[in-house]
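Shown here is one chain on its own, the form predicted on its own, set out as structure tokens.
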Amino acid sequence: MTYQFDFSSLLPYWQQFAEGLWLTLQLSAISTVLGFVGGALCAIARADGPPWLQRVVGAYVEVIRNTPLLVQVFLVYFGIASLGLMVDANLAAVIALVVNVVAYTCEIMRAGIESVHKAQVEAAECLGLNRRQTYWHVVLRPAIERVYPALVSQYVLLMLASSITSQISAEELTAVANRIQSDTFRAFETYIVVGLLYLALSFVVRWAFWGFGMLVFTRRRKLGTAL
């Protein structure tokens, strides 16, 4: 038995593919920004916060990292609805993705913060830098640079994991593919196209992060050399 590929039946749906791809990018971008901010704050709390806050953040990280993302998505979507609040599927998807990626970002950032030698912090204090200046210039910026490749990998995985939100009817790329294959009965071709789109999107996201890293960290090194 031979299978006859027919990609031509998917051509009328190119606009739906594009819309799903665009929503995937939006979900990923919003979740990445919020996740990075939240993860950095949690990392600071775990590394240098009061003991009770360290325990709270540590418990949150362990719970999130040891439960499936799909379960977290369902808990957010159906949990909020059970409280009597109607939330759009896309908003619930962003909330769930942010809750998830904050925990992973926290641990990555904590590793970067702990890699900064205490002597550098002491030197900054001797120079008269306040706590905020010390954390930004001496701790956070070098820490981010050291763990930047790990952060990039995590955020690319986040983009791929956003496909799970199709289970709550978020109209991202995988949800669009599910609908198209049910209309055309060409599931093999549909998911080949979607797989290639995710692959291309992964390369685009990595290149974007690479360019951003080169711009930010190369400029920082030049300023440091000039000073």
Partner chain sequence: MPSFGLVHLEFLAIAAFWTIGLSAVAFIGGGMLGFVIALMRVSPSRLVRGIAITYVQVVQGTPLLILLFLIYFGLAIIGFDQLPAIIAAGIGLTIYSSGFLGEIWRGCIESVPKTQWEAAECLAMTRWQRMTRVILPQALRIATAPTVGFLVQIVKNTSLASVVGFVELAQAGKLINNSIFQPFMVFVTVAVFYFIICFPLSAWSRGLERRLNVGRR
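Everything numeric in this text was worked out from a predicted model, so none of it was measured. Residue numbers count along the first chain shown, from 1.
One more form of this protein should be noted, the form predicted together with the partner chain, which is absent from this view; the next part is about it.
- With a 4.5 Å cutoff on heavy atoms, P50 does not count as touching the partner chain in the predicted complex; it lies far away.
- In the predicted complex, at least one heavy atom of F203 sits within 4.5 Å of the partner chain.
- Under a 4.5 angstroms non-hydrogen atom cutoff, the partner chain in the predicted complex has I164 among its neighbouring residues.
- Taking non-hydrogen atoms only, P149 never approaches the partner chain to within 4.5 angstroms in the predicted complex.
- Think of it this way: in the predicted complex, the partner chain has a heavy atom of just one of V56, I30, A187, V37 within 4.5 Å, and the residue is A187.
- Residues S166, Q167, T174, N178, Q181, A187, F188, Y191, I192, V194, G195, Y198, L199, S202, F203 are the ones in 166-203 with at least one heavy atom within 4.5 Å of the partner chain in the predicted complex, listed in sequence order.
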